[in-house]
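Both blocks below hold the same protein chain, though in two forms, and each is given as structure tokens: structure 1 and structure 2.
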Structure 1
């Protein structure tokens, strides 16, 4: 064999090796897609009057009886307005569609189970163990109504300091993929697509939460979904508030007063201040600190809950007169708002009580306690609490908290502890 012929044969061998390596690299994603695509569906919430889609998401078969798993937020409008919306379940070809009926939901972890008349013996198995950090995983869903799509990414474990468990998935989830499955290399579901922050930072609901909901739906499906949601919100609030009550209530300096430190892992604190040498006649020195949970619980469009927020604000001025300082202070005090959002059809009016507070401190303070009831979820409230100093014309301290989606008893327990924390 001539030298040139040998070189040509060697180049062909190298090209074949490279091609085989490329195929091997893409085979897991291709295999997962091919093995599961017939068991993954688009979820459409249809406006009955307009007979057109209002929102879309994804879902997947979890049992041979036609049960489908998806996100709660995908089908939430069909719970809040059942006469206005219906749920349809279909695949790429759109030839055959099915009606989805809500069996059970988990509003805290953003999960839902639907029953359908899909006739199949196949379903997608759920993983019994979580992947290792760095493992390759594959998310599938229907982004932007573009058809079924597979997105490879990396499993990064549970997010630290989160109010509820979420998996950090390094992959590009997009709207419409919510409720779709994320797989390990054995075609087992390790999580459910739920949210994205862009730049390949996405989140999955752990499969363990889905397993819990499936078990509960099999043994005790709710007769009243709103009652079930209210109970879930109350249980979640109790878990978090009890953890805070048992946490570390140490304080840190804030101006001439104090603020609470991070009492639990799921409350992260940040702060900032205005430089004293930049304070002017109309802008006194201030310092603030805020601690809050990392995300809200979606209830329906325009209504979220589950937020816990603590705020501490110190102001002082040696240039404003008493009236000017009080006006500045009053604008800030009256400007506090709850840390979650809601609509008139979801929430009652605020009922507030205020009084002067004896807290065994040098400052006289006024406290304001406000509550608003959830119209569809009996026994659940938003709580807004404010307390501010009253007896100084040059210095003031304000503290605030929001407890969204809690009960009266839990709110009273937390308020009492919060007022005794020694931040004055």
Structure 2
């Protein structure tokens, strides 16, 4: 190194000191990072046979016994394939690596608590009050494999109309940061990094959900995680379906029929219809309304649940005759798919019942009810329900709902209410 290079460097250091002295404080992001960095870990899901990491996330110490909080989706594969994966917990220096054992999970809010042998008295305090909209929030985690990183952003409150509570965090979360903490200015955790939809729009799990899970893990830790997950799915479905049953069942016109509107907060409806002015053929006119929840519950790679969708589809034609129209109608009615997805190892096959149903309102319909059971979560089912009107020769109204991750009783209750609602 030459003398001039020394000089230049010295000048830069001096300049930095000077500017800090002027602002008279360290940048809060740096302060938070410095205060908490030793308590934040990378979570590695290790493939036992390959003896290397197959996915990574972040986590943080929440108690002096070495307990770590992270996202459920970070460690999900270790639950479904415990012999194939083990969980390792470590820091930037990669000096010490601890085994993580799953204590409790919350599949609905995407949280998990691990126990480790980390020997420390320090842990990260959880915030007791909600920040105000506009407050600075510092999210920390291990994006990709780039080492511990701090991301400053803005707290934007809870997302309205969400299927489960989520904080809207304006900042860039990236893969690998999942499970890491988001701090307020007092170095208290206000949420857990969970998801992003790009362009600075990111989501956190509110810290209250983490508090609930910690309490439950302390008082009644589960013996069987799958049973616990099944119970959580059932409870979540019950909350949502009850809310729908008590919701707004008043209908609004759709084509020549009626459809439900946004029955309750978490169902958002979108609609469209055929543009008759621009259509170049004589296919039947259609109009549809689709109401659904904003996000699925991640259970495993390729397997999600918790989806609720309601779809109303109206078709009519003044050019086709009855035989042609019913041919077309039948093709559409035969092509419905469930709103969630799963794999063979997660789900049984569909069992269906279909019949012609005469409603109380003297409406002839064809009804289809299909259910498939979850393999690991006893008593949980996906439901696909369809009903198509058959009163008119060139008009038809199809209604469809998917209830993913629900129970028998809830499905029957909702279906009965739906069918009895009558004249769509």
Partner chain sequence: MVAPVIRVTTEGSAPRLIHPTTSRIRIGRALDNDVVLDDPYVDPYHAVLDTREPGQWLLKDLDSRNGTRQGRGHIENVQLESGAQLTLGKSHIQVFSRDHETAPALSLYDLEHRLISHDGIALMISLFLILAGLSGITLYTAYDGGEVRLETIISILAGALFGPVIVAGFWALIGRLLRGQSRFRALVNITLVALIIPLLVEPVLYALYFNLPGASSLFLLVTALNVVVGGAYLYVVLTIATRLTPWVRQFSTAAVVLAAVAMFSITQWSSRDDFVHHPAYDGRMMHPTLLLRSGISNDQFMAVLPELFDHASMMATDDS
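Take the two forms, find the largest set of C-alpha atoms that superpose within 1.5 Å, and that set is the rigid core. Residue numbers count along the first chain shown, from 1. Predicted model, so just to flag it, every value in this text is computed and none were measured.
Remark: structure 1 matches the stated condition (the form predicted on its own). Superposition on the rigid core between structures 1 and 2 places the CA atom of residue 134 less than 2 Å from its counterpart. Comparing the forms between structures 1 and 2, the C-alpha position of residue 197 differs by less than 2 angstroms, with the core used for superposition. After superposition on the rigid core, the Cα of residue 235 moves by less than 2 Å between structures 1 and 2.
Here residue 323 exhibits a Cα shift of 3.3 Å between structures 1 and 2, evaluated on the superposed rigid core.
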